[in-house]
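In the block that follows, a single chain appears as structure tokens, in the form predicted alone.
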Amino acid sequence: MSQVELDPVHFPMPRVQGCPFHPPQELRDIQSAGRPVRVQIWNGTKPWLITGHDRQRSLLTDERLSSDPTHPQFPFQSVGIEARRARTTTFIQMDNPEHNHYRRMLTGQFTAKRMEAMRESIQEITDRLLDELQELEGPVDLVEHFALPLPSLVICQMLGVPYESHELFQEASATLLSQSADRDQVDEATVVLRELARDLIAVKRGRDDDDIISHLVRDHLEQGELTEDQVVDMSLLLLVAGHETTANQIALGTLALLENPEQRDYLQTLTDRSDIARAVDEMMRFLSIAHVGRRRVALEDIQVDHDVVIRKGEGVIFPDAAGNWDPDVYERPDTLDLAREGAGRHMAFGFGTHQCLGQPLARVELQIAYTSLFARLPTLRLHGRASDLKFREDMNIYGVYALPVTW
């Protein structure tokens, strides 16, 4: 047995100080070694860590790996996530055919065509936020005044959630995504969110509103296809995922552009939508904000290398950055290059049947957010130094807690 198996590194690893956009050096070293290794996580278990873009894609489509967290040794991201999974059940925790059955109930709400039709309303929300931002005297926290409210307003509109509830669900979401939250804190936050969802469901019964929760109630709950608990859990999945990931990508991506002025200047020259889309994909590849990795458990033995077998019941982790910074796929992966060809093959949305349902929405939001921000505020700059910022290494979604800017 190799030394790395006898004395595994802890995952997730800390980042190198002064390199907030780079994956941890230990992760890059493991990537360079080119083989799966065991790592130790918070509860003392030692799942396998899978690096390499092509190997990740292959295994994420392997039906011998399960997303079901009820299996013993499932490698939960934190004690809080373990507690949350015990209280809620959604299709992302299921394998096929159950996963596809429930996912199809929402697929039509997130098609690329439907999200493109929302572009105008998302632009209006963005413009309104930037109008309000420009009325403030700097320095201004871009997270508070732009990055967080933009996706929150959009997902509230889509779900039919009153935006007046945003502070409640944002605070509860932060607890659910914290790596340090304990079981009691997660239980309390879960109860708060579930009560919010139940109240909304009660309001929407018997109505014909055009929002996603109304769609679930009218077309599936009232038809007997879903229970109220299932509608609650699906609604909360979309609410939490629909604002946390995009908000952190907007904020961290803005910082990356401010720290790479030649790329910011290049972005400001883009007018073709396909060029803007490629630039946004590169930013997602480069930053890999889902830094704690995708989690699976083996349903049977899987030979993944000439001398490595993942045994039945063992956990498996797929860190996004290891695939997104694979030098065999991306030349100079440590360089932010908004003109990069092939950036759209990144792992930021996962891969296979469980890849992110809301990726068409996230792409449109990010395209509008970045281009509008720098078009309206071409002299935008960081107030202070990047080294003084507090980064979200203690959260399941990486980013920056606050981004003070001026212009």
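Residue numbers here begin at 1 and follow the sequence given. Note that this is a predicted model, so its numbers are computed, not measured.
The following text describes the form predicted together with a small molecule, which does not appear among the structures shown.
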Location of the small molecule contact in the predicted complex, chosen stretch of 252 to 260, 203 to 211, 121 to 129, 292 to 300 [non-hydrogen atom, 4.5 Å]: 292 to 300
Check whether residue 178 has any heavy atom within 4.5 Å of a heavy atom of the small molecule in the predicted complex, and answer yes or no. no
Classify residue 284 as contacting or not contacting the small molecule in the predicted complex by the rule of any non-hydrogen atom within 4.5 angstroms, answering yes or no. yes
Can you tell me whether residue 45 touches the small molecule? I mean in the predicted complex, with a 4.5 angstroms heavy atom cut-off. no
Looking at the partner-bound form in the predicted complex, is residue 350 within 4.5 Å of the small molecule by any heavy atom? yes
Report whether all of 246, 356 and 361 sit within 4.5 Å of the small molecule in the predicted complex, measuring from non-hydrogen atoms. yes
Quick one: from 114, 218, 103, 145, grab the residue that has a heavy atom within 4.5 Å of the small molecule in the predicted complex. 103
Heavy atom within 4.5 Å of the small molecule in the predicted complex: which of 238, 232, 153, 336 fits that? Just give me the one. 238
